[in-house]
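Presented below, as structure tokens, is a lone chain in the form predicted alone.
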């Protein structure tokens, strides 16, 4: 039996709906395009580089903003590159941090080669073994809706591996100006 995988754009739109003061870091490439397509916002910080660094940036933000929920939206390739970050996050245990991996089982930015998750590597198992108190694989939109509500409860850290299809929609590009992104995000933290 073949399971239909989720549409990445629909997943991200659902995850960030009713966002309140949710701070969001998006990983390199497609997760950034998906977040921008869902609606540009001053509390979105789009990473244009630093492959593998989204989860650690989310950790720093969660520790510095403990009263706000922080969501990292990244891909399986980036999270595999930064897999050690999961152990560091577990040592710090920020309750306000959620790592959401859009897992299409491919390296989308380098030509759609099959990623480790396509060969059976279990990111949920790795996060659980690293010490995440909540680590789930999500495969349908009703699970996405439950997760969206859980993100704002700050009972984490939480790890979500979301199985999406490997289709690549058109790019939705926010500004590439890193200084502008930094400044608008910094100003939004004061509100």
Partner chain sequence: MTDNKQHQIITSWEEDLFNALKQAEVKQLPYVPDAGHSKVINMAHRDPDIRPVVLTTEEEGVALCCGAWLGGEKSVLLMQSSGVGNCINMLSLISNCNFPFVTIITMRGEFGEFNSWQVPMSSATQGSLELMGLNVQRVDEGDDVGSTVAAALYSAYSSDQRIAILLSQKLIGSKKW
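What you see is a predicted model; the values in this text were computed from it and never measured. Numbering follows the first chain given and starts at 1.
The discussion below concerns the form predicted in complex with the partner chain, not included here.
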Q) Considering the partner chain in the predicted complex, which of 126, 152, 141, 63 comes within 4.5 Å of it through any heavy atom? A) 63
Q. With the cut-off set at 4.5 Å between non-hydrogen atoms, does residue 133 touch the partner chain in the predicted complex?
A. no
Q: Examine residue 39 and determine whether its closest non-hydrogen atom to the partner chain in the predicted complex is within 4.5 angstroms.
A: no
Q. Residue 80 near the partner chain in the predicted complex, any heavy atom under 4.5 Å?
A. no
Q: Determine whether any heavy atom of residue 53 comes within 4.5 Å of a heavy atom of the partner chain in the predicted complex, and answer yes or no.
A: yes
Q) For this chain shown on its own, do 85, 179 and 189 all sit within 4.5 Å of the partner chain in the predicted complex, going by heavy atoms? A) yes
Q) So which of 153 to 161, 133 to 141, 43 to 51, 30 to 38 is the stretch with heavy atoms within 4.5 Å of the partner chain in the predicted complex? A) 43 to 51
